[in-house]
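Quick setup: one chain, the form predicted on its own, written in structure tokens, and binding and motion questions come after.
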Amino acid sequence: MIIRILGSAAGGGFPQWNCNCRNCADVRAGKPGFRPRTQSSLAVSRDGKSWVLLNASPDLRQQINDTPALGSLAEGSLRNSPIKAAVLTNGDVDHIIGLINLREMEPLTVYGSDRVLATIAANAVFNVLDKGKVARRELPLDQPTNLAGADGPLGITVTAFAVPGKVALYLEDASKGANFGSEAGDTIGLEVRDEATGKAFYYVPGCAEVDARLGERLKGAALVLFDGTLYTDDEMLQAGLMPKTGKRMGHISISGPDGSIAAFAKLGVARKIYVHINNSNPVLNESSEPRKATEAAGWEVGYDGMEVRL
């Protein structure tokens, strides 16, 4: 199974278009140790020919152009695409807006929880994906789903599971209390399994906490790609970028006693890679102390174009 990181940044990308924080200024200036990054998305394939997107970033058109395996085949028909399906982990803008790049009458299948599919159905702009060509399929929680495109099965099984998190920012309803109306299915993780080999990995790009249930699920995994949004819970407050903590936004921090490094320390995960990294995060500076500490703890910091094979 081939896993390719198309975009490793959180919403806004890196650099963010209107941000002049230290990280964004340095990457914009081309300083050593900084990599530009597009917004969060993966692509997965069993054979390198038929591909499944895990989330559809606003930067998807650029990501496809940067990834020859995702482009139209020269020997193919007048219009063709190796992208056969897209699986959505939540309704965040940085994970669904890229769907509109997949218009132009190309058949594929879009998978998501009932909550995420309801969000898409409620916004008429997504009708540019012709319903006669683009099927929408619900991902039930905790049940294996055999992915298929218009041409048939793709040989990949996905099991969606709820993770601690919150409803997308633009869908928050303060009248519904401290959780802003969040429900199970607003944020999910994925177990992605190759049906032929049985090899699997986990993709959790948004997560507020590694609770006991999630920890038990991930224990002993061969590979986990995990939420690396912030290094410290208050880093955006301290940088003057936003009056919100990571917890308020539904994201666990990398560092600290309640952070993901500490949470994974006893889980025995063979390979751990951070994705969905915010522009404020000091791990984006490859020579920083937080980056060194993260790597010393056995974690990798994902980057656009990074490829893993299982």
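Note that the coordinates shown come from a computational prediction; the quantities given were computed from them, not determined experimentally. Numbering starts at 1 and follows the sequence shown.
Separately, the form predicted together with another copy of the chain exists; it is not shown, and the next lines address it.
Put simply, G71 is close to another copy of the chain in the predicted bound form: some heavy atom of it is within 4.5 Å. Taking the partner from the other structure, another copy of the chain in the predicted bound form has a heavy atom within 4.5 Å of a heavy atom of D94.
Interface residue remark: L102 is counted as part of the site for another copy of the chain in the predicted bound form, having a heavy atom within 4.5 Å.
Interface membership of M236, defined by any non-hydrogen atom within 4.5 Å of another copy of the chain in the predicted bound form, is confirmed. Picking from 30 to 38, 264 to 272, 44 to 52, 251 to 259 the stretch near another copy of the chain in the predicted bound form, with a 4.5 Å limit on heavy atoms, gives 30 to 38. Shown here without another copy of the chain, the chain has G11, G12, G13, F14, P15, Q16, W17, N18, C19, N20, C21, R28, R37, T38 in 3 to 38 lying with a heavy atom within 4.5 Å of that partner in the predicted bound form.
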